[in-house]
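Below you'll find only one chain, the form predicted on its own, shown as structure tokens.
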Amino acid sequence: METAQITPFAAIAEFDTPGALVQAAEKVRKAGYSKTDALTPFPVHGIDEALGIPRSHLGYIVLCIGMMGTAAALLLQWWTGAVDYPLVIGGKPLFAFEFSIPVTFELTVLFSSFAAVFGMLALNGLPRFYHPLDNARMTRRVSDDRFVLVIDKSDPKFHPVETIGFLRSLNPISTELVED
């Protein structure tokens, strides 16, 4: 009879307060783990710094795409009014920046909105219809009143037995090795 090999996805530890989670995250980072995450029912101040998560690049993406919207709006209005179909009506100039402000603003907002939504989806790897943490017993209460610290198997320092032992030394409510 063959025994199935368990392929770990992550080691997780459950805490009952945000303060305990932040302290544990700081200890995990100081121990050399780098592929970590935290699951919480609400934003926890200081958790990003404790886990060593860098600032998001989404703002730069939105800024660049918004500027492309501005350029597209101005170029479109200039091309249609001054190059493709030039009409002098009442002595007006063929292109005047003042009259193009509403369209330019709207196209900038439109491009920025799409960049924010699609950039967020891409950076988060969404849509994701299945995740191994969905099967973990302790993640069921994360949306209610528990705080979970995750150490991913892709971490260079990850070893199932040693990592679970280290997490137990942080005094969590419980620990679990999640299967892939």
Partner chain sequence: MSAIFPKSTDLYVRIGGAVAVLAILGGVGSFAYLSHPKVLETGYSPVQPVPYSHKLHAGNLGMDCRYCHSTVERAAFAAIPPAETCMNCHHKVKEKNPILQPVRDSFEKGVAMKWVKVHRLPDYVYFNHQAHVGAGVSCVSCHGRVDQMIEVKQVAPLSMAWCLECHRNPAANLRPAHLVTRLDWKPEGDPAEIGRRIIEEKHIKPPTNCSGCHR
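Rigid core here is just the name for the largest C-alpha set that superposes within 1.5 Å across the two forms. Computed from a prediction, not measured in an experiment: that's the story for all the values here. Positions refer to the first chain, counted from 1.
This protein has a second form, the form predicted together with the partner chain, left out of what is shown; the following refers to that one.
Contact annotation: residue 127 falls within 4.5 Å of the partner chain in the model of the complex, judged by heavy atom distances.
Within this chain, residue 140 lines the site of the partner chain in the model of the complex, having a heavy atom no more than 4.5 Å away. Within 4.5 Å of any heavy atom of the partner chain in the model of the complex lies no heavy atom of residue 151.
Although the partner is absent here, residue 70 is not a contact residue: none of its heavy atoms lies within 4.5 angstroms of the partner chain in the model of the complex. Although the partner chain is not shown here, in the model of the complex the stretch 67-93 places heavy atoms of 84, 85, 87 within 4.5 Å of it, in sequence order. Once the rigid core is used as the reference frame, the Cα position of residue 79 differs between this form and the one not shown by 2 Å or more.
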